[in-house]
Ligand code: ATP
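Just the one chain here, the form predicted on its own, laid out as structure tokens.
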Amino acid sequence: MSGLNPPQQDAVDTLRGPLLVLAGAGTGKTRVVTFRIAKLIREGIKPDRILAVTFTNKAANEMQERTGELMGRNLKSKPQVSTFHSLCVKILRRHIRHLGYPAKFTICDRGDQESLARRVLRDIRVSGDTLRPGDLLAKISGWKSRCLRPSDALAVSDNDKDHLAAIAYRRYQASLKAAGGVDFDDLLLLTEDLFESCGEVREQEASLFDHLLVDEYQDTNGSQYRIVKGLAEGHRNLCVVGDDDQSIYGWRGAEVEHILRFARDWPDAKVVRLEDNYRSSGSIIEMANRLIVFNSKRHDKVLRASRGMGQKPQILQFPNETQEAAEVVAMIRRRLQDPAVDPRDIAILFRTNEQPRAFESELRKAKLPYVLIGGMSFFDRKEVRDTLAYLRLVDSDDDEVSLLRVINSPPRGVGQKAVERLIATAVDEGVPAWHLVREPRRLPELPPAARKGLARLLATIEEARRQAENGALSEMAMRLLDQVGYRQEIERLYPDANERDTRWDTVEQLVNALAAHERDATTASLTHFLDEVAIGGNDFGDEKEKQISGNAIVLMTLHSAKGLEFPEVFLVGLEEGILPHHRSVAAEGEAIDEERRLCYVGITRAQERLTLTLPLSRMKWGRPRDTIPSRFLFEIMGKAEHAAKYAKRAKNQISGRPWKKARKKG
């Protein structure tokens, strides 16, 4: 336990009862959590009676790895370290039948959700001009993040579009359940429903553990908060770690109130503050402290830098956004002339996805290597989704969503009309469509080619299922892809040889991951593998980390940057309407507080050098418009009276008042 500072040691040594660890940016919270798990084990707690929950696979893997290093590799059992969603999958696999779902439910991917949303909108005769499938899914995800079920969504809908979306939400959810499927958001909602409706299930799950640790507690939404409470209220050995100053996910349901009121929820709770920052220079920490103090609803704490003051951060302004990008890139080019500076040491952080275009143009002109974080995920690629659909069909008879995805891909004579007849018959008879395929006499009138194609598909899946039962999962997957002619389909669809090779390599990566699962998993099975993949499986690592791994300048949003650090950071576009975002300027209150926390997160990503920039004008619909400097700049500089004045001016402009009148009034 050497190397811990006194507050860290206090957190590690407090092993009983509720504990809130307020861990400021760069204060070593992962170290505290892993040392605390190790201390519990050394004090005689069985490792498998400890549950640690976090939000990302990367954080869970890191926690598991560090605990293993501290305790050695010869423990008879291990603590359970997982994401919230992984935990919920395990719980639902054991008990979801209580909610009327099959034990082998399918976790639908984005493509499956879009197909379902499109079908639902068609059923209720809503055109794409009125509500697109992607917009409907965004609405549904937003409602689910706020723990709103279909009936709740209807109650809170205050315009025609939301009302239509709420009606579609009810149909979407019913169709999902009928197909034996759940989406990513359902994993939390259904676990909460299970705990609420089945007390014995909650007690059974809670009895599996004597200690519960929750990382990033400030990011919990209502469902996660209630799941944690349900698991911990018996033994009360709950340790939560987080920082209310870094709560930036309100848009996806996170409630900062959970960490703010922890001591009220658990009256005997101990609170430990970690305030020694080991990441950033003193001058950067000073700037962060000056900013965040303007949030009134927060735990009282002040970061202290363990390093020297270092170089003072710069605030630079430029005539327009084009020159802002050009000058920032010129500064980066000069910095890279220093042999000690690598491109990967530098990050450009921005608030909105529209901002990086100008910076990309300048980086290309300067021939500097860069990576824009947030491209297409591995799991969004067509060939990955097709392969996973085949594997899910092998795993479960009830997976209608996967059947519809691959029923004629590659083509096997089953046209759209044949599919519609098949689904209509399945609906009439109240059985999954695959059951009809397995019993040809129950099939509706279909063309001979369609019947033959379905028979071939059935034979292929049944053979793959037998092979999977014998345990040879990766071999089964390769044989299955060969039998359906998937490589030939890629060659047919993509004339370019390089693209064909890239897409087939992607399929190979998936099969390699299945082989790794067979080799490494304690209980290898197709179901477990598909669960891992659906929640961002460990075998693939973190997409963001993969993209950053090369030696290139990083361009990313402030939300994506949380949890990362860079020697040098450029935080660009510090203007009203961008940071803070225009929606937050219009809403005020807590919305502005969250934007301030977002700015604070950006500042505290920097280790040694920090530059904040703003353009004095920006093009809007082809014409230059004067910008209004962000109120956060004035707060950072200790000029709060100017911050209030410019905030008022920004609200006037965003609410539609003429710019000249607003400027005069300001």
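Basically, rigid core = biggest C-alpha set you can superpose within 1.5 Å across the two forms. As the structure is a computational prediction, the values presented were derived from the model and not from experiment. Numbering starts at 1 and runs along the sequence shown.
This protein has a second form, the form predicted together with the ligand, left out of what is shown; the following refers to that one.
Student: Mind telling me which stretch in 402 to 410, 557 to 565, 358 to 366, 339 to 347 gets its heavy atoms within 4.5 Å of the ligand in the predicted complex?
Tutor: Stretch 557 to 565 is the one.
Student: Taking 54, 86 and 524 together, does each of them reach the ligand in the predicted complex with some heavy atom inside 4.5 Å?
Tutor: Result no, not one residue of the spot touches the ligand.
Student: Looking at 25, 20, 12, 643 here, can you tell me which has any non-hydrogen atom within 4.5 angstroms of the ligand in the predicted complex?
Tutor: Contact with the ligand in the predicted complex is made by 25 alone.
Student: Among the candidate residues 258, 596, 279, 351, which is the single one with a non-hydrogen atom no more than 4.5 Å from the ligand in the predicted complex?
Tutor: Among 258, 596, 279, 351, a heavy atom within 4.5 Å of the ligand in the predicted complex occurs only for 279.
Student: Would residue 531 show up as a contact with the ligand in the predicted complex if we use heavy atoms at 4.5 Å?
Tutor: Residue-level check for residue 531: no, no contact with the ligand.
Student: With heavy atoms only and a cut-off of 4.5 Å, decide whether residue 46 touches the ligand in the predicted complex.
Tutor: Heavy-atom contact with the ligand at 4.5 Å: absent for residue 46.
Student: Does residue 192 make contact with the ligand in the predicted complex, using a 4.5 Å heavy atom cut-off?
Tutor: Residue-level check for residue 192: no, no contact with the ligand.
Student: Is there any non-hydrogen atom of residue 639 lying within 4.5 Å of the ligand in the predicted complex?
Tutor: Output for residue 639 is no: heavy atoms all beyond 4.5 Å of the ligand.
Student: Can you name the residues of 306 to 323 that have a heavy atom within 4.5 Å of the ligand in the predicted complex?
Tutor: If the 4.5 Å heavy-atom criterion is applied to the ligand in the predicted complex, 306 to 323 yields nothing.
Student: If I superpose the two forms on their rigid core, does the C-alpha of residue 608 end up displaced by 2 Å or more between the shown form and the other one?
Tutor: Yes; residue 608 is a residue whose C-alpha shifts (by 2 Å or more) between the shown form and the other one when the cores are overlaid.
Student: Tell me whether residue 30 is among the residues that move between the shown form and the other one (Cα shift of 2 angstroms or more, core superposed).
Tutor: Where the cores coincide, residue 30 still shows a C-alpha shift between the shown form and the other one that is 2 Å or more.
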